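Only one chain is included here, represented as structure tokens and corresponding to the form predicted on its own.
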């Protein structure tokens, strides 16, 4: 049997799965067309809606976050349709690749990686051309930035364009108010702040988006057709065989979120990310992004001068059994490293991260200004926000 002792998964996804969720996924497999599974799926649906901030159905698919990004575009964009994509990191780039593969005409708003987006840039572009959709990432995990969906939604809402949002690394760790903010399709996945194993994808769809989806038969997908998923969901089912055991885990994770309280979950993510940022800066490590737009689910940092990012990642893994992430794009190679603050993360995790990071930097010839500086700064930040 494979065992990995003392392994600390501290990536910005996939994340460590709580024991309760792991145990749930070990339950016997049910008939996916039976009454028991239908009841479980219906409960997941009701518990997911507040997390998305929507009254609309949340469609469930077997698939990754990228599968849901593709599904969001495929269900509303036909070949030749113009889409406007905000590119502020690796996953904005991925949306461009997806839209081009589906035959869309792609325009972009390019944002400096780690920088802020001015929603007026979107407003001005919408005046210059008719777009089927504006596409953006809620939480860009490659740069550690969370973007203001409400501000963009306000300028898209009264136009013919739809607002498509990837919240794969944001949902359940950063507030999402889909309906209030004017988002039309929000997609996410199971392996980030929802505390589950990879393999489930989600899409919430507005009434405005359904008018486009239902306009004719041009959805260029069979498996990811939202209409087929919606028709099955109305009967408490899925159109194809779902990963039943992952749905067990999802339901248990949703129970955990409800027990803690969604507001408390979001606050915990914010507190822990702020504490980690304070700690790494006390170690002499700069943030990769502007502080006022920092994510609550991932902290992205610049590699200290004289070091190489891969060496930090490798040393943490080999000596301290702490697995973090490096760069997401060739332009970042060796220049950035990232630690997840999403899912079932605690104050102890953050303090341990900082202990291991301080030791690693010392091993590599970059000792902290003072011993335990990172831990002390994090503890002070946690105390101030208690």
Ligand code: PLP
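Because the structure is a prediction, the values reported are computed rather than measured. Residue numbers count along the first chain shown, from 1.
Quick note: we don't show the form predicted in complex with ligand PLP, though the next part is all about it.
For the chain shown alone, residue 168 is a contact residue for ligand PLP in the predicted complex, at least one non-hydrogen atom being within 4.5 angstroms. The closest heavy atom approach of residue 94 to ligand PLP in the predicted complex falls within 4.5 Å. The shortest heavy atom separation between residue 69 and ligand PLP in the predicted complex is within 4.5 Å. Though the partner is left out of this view, residue 191 does reach within 4.5 Å of ligand PLP in the predicted complex, counting heavy atoms only. The stretch that touches ligand PLP in the predicted complex, counting heavy atoms within 4.5 Å, is 61 to 69, out of 61 to 69, 357 to 365, 329 to 337, 315 to 323. Proximity to ligand PLP in the predicted complex, taken as a non-hydrogen atom within 4.5 angstroms, holds for one residue of 186, 137, 275, 300, which is 137.
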